[in-house]
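Next up: just one chain, as structure tokens, the form predicted alone.
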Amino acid sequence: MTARRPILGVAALSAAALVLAACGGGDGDAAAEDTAAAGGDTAATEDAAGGEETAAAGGAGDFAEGTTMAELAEAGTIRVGTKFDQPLFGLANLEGTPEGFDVEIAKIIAEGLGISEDNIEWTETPSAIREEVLETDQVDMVVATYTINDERRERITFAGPYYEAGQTLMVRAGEESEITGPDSLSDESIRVCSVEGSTPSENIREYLASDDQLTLFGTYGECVDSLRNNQVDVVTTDNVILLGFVSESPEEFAIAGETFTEEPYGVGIEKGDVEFCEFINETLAAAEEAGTYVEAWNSTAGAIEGSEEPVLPEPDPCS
């Protein structure tokens, strides 16, 4: 770990430059320049100059032989699973490239390996297949509003958490005075939608009079369409995901009530890869210290009204 620490500082500074550059605007550009100036030979600076120094700063030789970090740095690419249908966290743009806070977190980790965002291979990863894509080596990590829990830890390892959300409800605008929280769902006539394989779909069952009230789809976008078409009355998942849908269609949807769970989001990796887990935690800690973590939030989920700037949670032990 000692050999990696100098690299983390470089990674954080260069990641900050990348995020700020992505934000655009006068303040962001100025901050990026300041960051580059303060960091001297940052990876971002050298990348703009030609790329060779970037490879040297985050090359395989900077990591212990045989580790995931060395393999990824040597390959110069990383495969990341994320959502493609969740505004503010992971939403594919018109070119098919995902954007959002999860995406920025993945970029920060990739940068710590000396891998630019252009060399990230994104794979759409709905909730139900997140463990599967790691177990079958389809991706190197999953950053996809992925709540850490003991059941999932039996199959994969989590780094983080990097964010703590909370489950809540979304209804059609104007109906938030009728459905005010999970206790309202004891009315058997209320139809609820969530996503297969998600933590919210399991959490909500204890509030329902019958399992027949619950409809499960593959993506939250399908739930939103069903709410719009009056096929369901409530969509439930984490507050920040629902805030994203409300921000896109405030005339159609509203948040109902307060959060009623704690959902720590982690980075999923192969089961037992403790070194990679520790590397990710150190990279995120360095990003917080450099301000990159908050910049990533403010340029994505933090851009909407009602969101609160997060503090990076203390990481759980890697195992």
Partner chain sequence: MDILVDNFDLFVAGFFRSLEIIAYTLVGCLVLGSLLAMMRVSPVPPLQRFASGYVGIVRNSPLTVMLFVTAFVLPELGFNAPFFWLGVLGLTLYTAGFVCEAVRSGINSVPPGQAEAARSVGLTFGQTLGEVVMPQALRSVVPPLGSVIIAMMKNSAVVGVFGVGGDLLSVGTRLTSAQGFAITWVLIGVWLGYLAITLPTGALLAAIERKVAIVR
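These numbers were taken from a predicted model, which means no experiment stands behind them. Positions refer to the first chain, counted from 1. Note that the rigid core is defined as the largest set of C-alphas that superpose within 1.5 Å between two forms.
Omitted here: the form predicted together with its partner chain. The next part is about that form.
inquiry  = Going by heavy atom distances of 4.5 angstroms or less, which of S247, T215, N239, S116 would be at the interface with its partner chain in the model of the complex?
reply    = When its partner chain is considered in the model of the complex, the option within 4.5 Å is T215.
ask   = Which residue, I120, I190, A92, A128, has a heavy atom that falls within 4.5 Å of its partner chain in the model of the complex?
value = Flagged contact: A128.
inquiry  = Contact with its partner chain in the model of the complex for E222, defined as at least one heavy atom pair within 4.5 Å: yes or no?
reply    = Yes, E222 is a contact residue.
task = State yes or no: in the model of the complex, is some non-hydrogen atom of R172 no more than 4.5 angstroms from a non-hydrogen atom of its partner chain?
result = Result no; R172 lies far from its partner chain in the model of the complex.
key: Any non-hydrogen atom of G76 within 4.5 angstroms of its partner chain in the model of the complex   = No, G76 stays farther than 4.5 Å from its partner chain in the model of the complex.
query = So in the model of the complex, does any heavy atom of S210 sit within 4.5 Å of its partner chain?
reply = Although its partner chain is absent here, S210 would stay clear of it in the model of the complex, with no heavy atoms inside 4.5 Å.
message = Within 4.5 angstroms, counting heavy atoms, which one of the listed stretches 159 to 167, 100 to 108, 224 to 232, 79 to 87 is next to its partner chain in the model of the complex?
response = That would be stretch 224 to 232.
task = For the stretch 151 to 184, return the residues whose heavy atoms include at least one within 4.5 Å of its partner chain in the model of the complex, in the order they occur.
result = Residues within 4.5 Å: E151, R152, R155.
query = After the core is matched up, is the C-alpha of F217 off by 2 Å or more between the shown form and the other one?
reply = After core superposition, the displacement of the F217 C-alpha between the shown form and the other one reaches the 2 Å mark, so yes.
query = When the two forms are laid on each other by their rigid core, does E252 show a Cα shift of 2 Å or more between the shown form and the other one?
reply = After core superposition, the displacement of the E252 C-alpha between the shown form and the other one reaches the 2 Å mark, so yes.
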